[in-house]
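Here we start with a single chain on its own, the form predicted on its own, put down as structure tokens.
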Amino acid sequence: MRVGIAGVGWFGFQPEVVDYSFREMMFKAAQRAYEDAGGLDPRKDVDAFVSCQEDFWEGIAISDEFAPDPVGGAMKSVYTVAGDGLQCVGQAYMMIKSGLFDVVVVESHAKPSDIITLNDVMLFATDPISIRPLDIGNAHALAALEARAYMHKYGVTEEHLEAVVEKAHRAGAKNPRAVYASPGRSRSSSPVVADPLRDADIAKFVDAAVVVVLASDRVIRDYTDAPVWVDGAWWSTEISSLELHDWSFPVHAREAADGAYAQAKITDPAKEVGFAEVDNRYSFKELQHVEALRLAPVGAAKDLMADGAFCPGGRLPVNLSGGALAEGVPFEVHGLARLSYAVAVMRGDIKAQVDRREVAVIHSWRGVPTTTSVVVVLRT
């Protein structure tokens, strides 16, 4: 049995959504997803719902109690996952593959603009024994340590980071929801946040909601004539103690990619994948993640980037959307943001500069201080 995407809807992608609560944002995104899925009726057609959110960000105990109503899941099976939205896709994928469900709706939402002390919340998520007592003051310092380790080991320079930032903003200029895209922005003139990371290397936060309708091949043609198939979905959480994990290489992303590729029967990702949407909430992470996903040999992404291989129109475009550096980071919605853009490219809804759109790989990382990655392989 195959699992496909029948509809996608999103709302927000603004630095601050003032007029809508997160529940209203969910409702708007769900409406659009159901319309995209041929006018699907959530009360009649959907077997189950999965919501990816995190009480830690919501600031509300048992925040999953708010999940059913806005997406039409009242009095129906609603499952909640404290993780990235792509993990919800993985859950839905397994549910449908089991044969017990035909239509599962996935939802994730975020309103970072509601959090007054965001840096403090991020630091509170760090290990209470090994990290928090250091009182580093800036949560991005942990990413800066990873950046320095990676750059030192593989000869990555600040000029390479400049190339990632420039590419992201240039691509984002063609993405209507990339509110932070600023072509021509100079990384070198932006202030240092935590050496070697400058302000331009770090994605800003954004309010957003995304809803995705997944269906089995038994019923998907009832909702769309152009399904995008989910042929692999895997996630991995590396060792949680940062002092013991590999600071120069995201093992979690490699493990997640290998699992998804095995399911999708992909043996040579660099040749078989047409384009990729990967987590680039920090500029150096795009290079790291490209290598972890086996789209480039370890240590070689910087050179391929310089040659234009990952640019729009290149051999293997990466982040045609501009990624998080252009769109912003909507917490646990980030993976669904990458997925929704890729689906639009594969269906031809977005006229992107890509020669091969039949196979795409989507990746998301949960961000500092986690070591969790999710990878999904899509096919038309």
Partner chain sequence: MRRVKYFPEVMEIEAYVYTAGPVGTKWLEALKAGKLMAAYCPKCGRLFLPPKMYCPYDFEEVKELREIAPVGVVESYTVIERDFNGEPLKEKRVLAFIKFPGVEGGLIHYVKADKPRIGMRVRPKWRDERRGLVTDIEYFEEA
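Positions refer to the first chain, counted from 1. Keep in mind that what you see is a predicted model, and the values were worked out from it rather than measured.
The discussion below concerns the form predicted together with its partner chain, not included here.
Engineer: Would you confirm whether the three residues 166, 226 and 270 all fall within 4.5 Å of its partner chain in the model of the complex, going by non-hydrogen atoms?
Structural biologist: No, none of the three is in contact.
Engineer: Out of 179, 309, 300, 136, which one falls within 4.5 Å of its partner chain in the model of the complex, going by heavy atoms?
Structural biologist: Spelling it out, the residue with a heavy atom inside the cut-off is 136.
Engineer: Contact between residue 127 and its partner chain in the model of the complex at 4.5 Å, heavy atoms?
Structural biologist: The answer is yes: residue 127 has a heavy atom within 4.5 Å of its partner chain.
Engineer: Under a 4.5 Å heavy atom criterion, is residue 348 part of the interface with its partner chain in the model of the complex?
Structural biologist: Taking the distances in the model of the complex, the answer for residue 348 is no, it never comes within 4.5 Å of its partner chain.
Engineer: Is residue 195 close to its partner chain in the model of the complex, meaning a heavy atom pair under 4.5 Å apart or at it?
Structural biologist: Judged by the heavy-atom cut-off of 4.5 Å, residue 195 is in contact with its partner chain in the model of the complex.
Engineer: Is residue 152 a contact residue for its partner chain in the model of the complex, using a 4.5 Å heavy atom cut-off?
Structural biologist: Residue 152: contacts its partner chain in the model of the complex.
Engineer: Want to guess which of 288-296, 271-279, 168-176, 144-152 is within 4.5 Å of its partner chain in the model of the complex, heavy atoms only?
Structural biologist: One stretch meets the cut-off, namely 144-152.
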